[in-house]
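Coming up is one lone chain in structure tokens, specifically the form predicted on its own.
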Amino acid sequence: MAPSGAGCKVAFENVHLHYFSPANETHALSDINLGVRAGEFITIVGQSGCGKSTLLSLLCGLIAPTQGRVLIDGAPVTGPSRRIGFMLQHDSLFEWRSVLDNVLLGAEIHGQDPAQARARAEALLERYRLAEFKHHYPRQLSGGMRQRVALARTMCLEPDILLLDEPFSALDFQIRLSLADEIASIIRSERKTAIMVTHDISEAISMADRVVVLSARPGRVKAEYPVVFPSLGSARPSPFEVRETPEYRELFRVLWSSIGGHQV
């Protein structure tokens, strides 16, 4: 069962969002109620334009709801916070900075102690198998390696919550599979609360503890599905292992039908 807002790490309570222009009004989100437990990894799917990425922008404090509340640990979100790390579709690495300097960028912006930040950055690069490339430049890296650098840059700020907005969509299929496996493992091992928006149903199932389906605009929570794999026992399977299970095939069918059988 999905959690209610009370006691959750993240909560959306009766959230509505309207966009206004001189010509018209767009009702983007309608009565969103959604809670995410500390340490839970959820994925959000739905048809294009339903408001998936908008939910992340609300949680980041980049925009405010027209009605309702967005909460972190019970406190209203009032603006951007270092507690939230954001990983985007494009890695946005600076080509003129080395890998290490890219990872340190956020720490520099926030005025963190340089020695402590460097120690964290180098430890992350070691953990993500990038240590030998720390003096390379982004143009010298593969797409998957660049996204690992982007993750290290995000994690260097030690966020409580990770938001991922289609972080693998620019990569080819084989790299996507490998990187999804790696990043899901990293997020779980570091016990981060994570919310990922994706257009890929397979990705949504294989990485998450729970999949949330949004309706067509105005987006509302249409359905929520826990992701469990009794056929594999109690241990959490890797994203690659998940795709071989009968539970995966059944949940894929259910999600496809719930979304409406459209490209999401």
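Please read these numbers as outputs of a predicted model, since none were measured by experiment. We number the residues from 1 along the sequence you see. Take the two forms, superpose them, and find the largest set of C-alpha atoms that agree within 1.5 Å; that set is the rigid core.
Below, we refer to the form predicted together with a small molecule, which is not included among the displayed structures.
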| So which of 222-230, 201-209, 42-50, 65-73 is the stretch with heavy atoms within 4.5 Å of the small molecule in the model of the complex? | 42-50
| Would residue 60 count as a contact of the small molecule in the model of the complex, using a 4.5 angstroms cut-off between non-hydrogen atoms? | no
| query | With the cut-off set at 4.5 Å between non-hydrogen atoms, does residue 19 touch the small molecule in the model of the complex? | reply | yes
| message | Taking the small molecule as it sits in the model of the complex, is residue 33 near enough to touch it, meaning that at least one heavy atom pair lies within 4.5 angstroms? | response | no
| query | With the cut-off set at 4.5 Å between non-hydrogen atoms, does residue 216 touch the small molecule in the model of the complex? | reply | no
| residue 250: with the rigid core matched between this form and the one not shown, does its Cα shift 2 Å or more? | no
